[in-house]
Ligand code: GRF
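Heads up, the chain below is alone and in the form predicted alone; it's given as structure tokens.
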Amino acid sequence: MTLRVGVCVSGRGTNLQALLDACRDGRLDARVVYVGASRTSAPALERAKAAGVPAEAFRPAANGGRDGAQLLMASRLVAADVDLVVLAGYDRILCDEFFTRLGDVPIINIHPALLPAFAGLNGLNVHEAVLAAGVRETGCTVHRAHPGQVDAGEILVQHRVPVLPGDDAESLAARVLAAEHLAIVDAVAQFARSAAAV
């Protein structure tokens, strides 16, 4: 059974592209069937459309606030009959009702650090905190997402990235992002294998 994947995005969509490429190349027995974004300006929407995947933005201001926007996005994901939802750079905390609307559909998130370290941070803030802490290693984590929790669900995949002398937040972010592209595919592959075994 080919896994039907919904992806929630906010920005450039490079993790979405990694999934689209892996599905196209046959590395994943999965298909991205729907993409929802928190911003109309998200370049990820164009990536989805270029791949022929239905995609739309759910701006809080146009949908009665955050909860209304997220509930509508959840309804679209349910209508697309997704087996898995991937938060790939989705930069808003999901309301509890989003999880309720999805029911038993698992939701996973990617975080640009080795959780539980540096939880609750996003963007360059994560990498600035890593550098300020003086650690020698960082990376990325794909984990389950649950209502009422931020960066605290069960860890599925971690990829490690060394912190190099002379790194700044931007150079470190670029290397961690490359690791994210691998980790997100690895995590979705776990669900695809489980679906195939049923």
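The shown structure was predicted, so the numbers you read here are calculated from the model rather than taken from an experiment. Note that residue numbering begins at 1 and tracks the sequence as displayed.
Another form, the form predicted in complex with the named molecule, is not on view; read the next lines as being about it.
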{"item": "4.5 Å heavy atom contact, Arg12 and the named molecule in the model of the complex", "value": "yes"}
{"item": "Residue contact check: Ala88 to the named molecule in the model of the complex, 4.5 Å heavy atom", "value": "yes"}
{"item": "Close approach of Ile110 to the named molecule in the model of the complex, 4.5 Å, heavy atom", "value": "yes"}
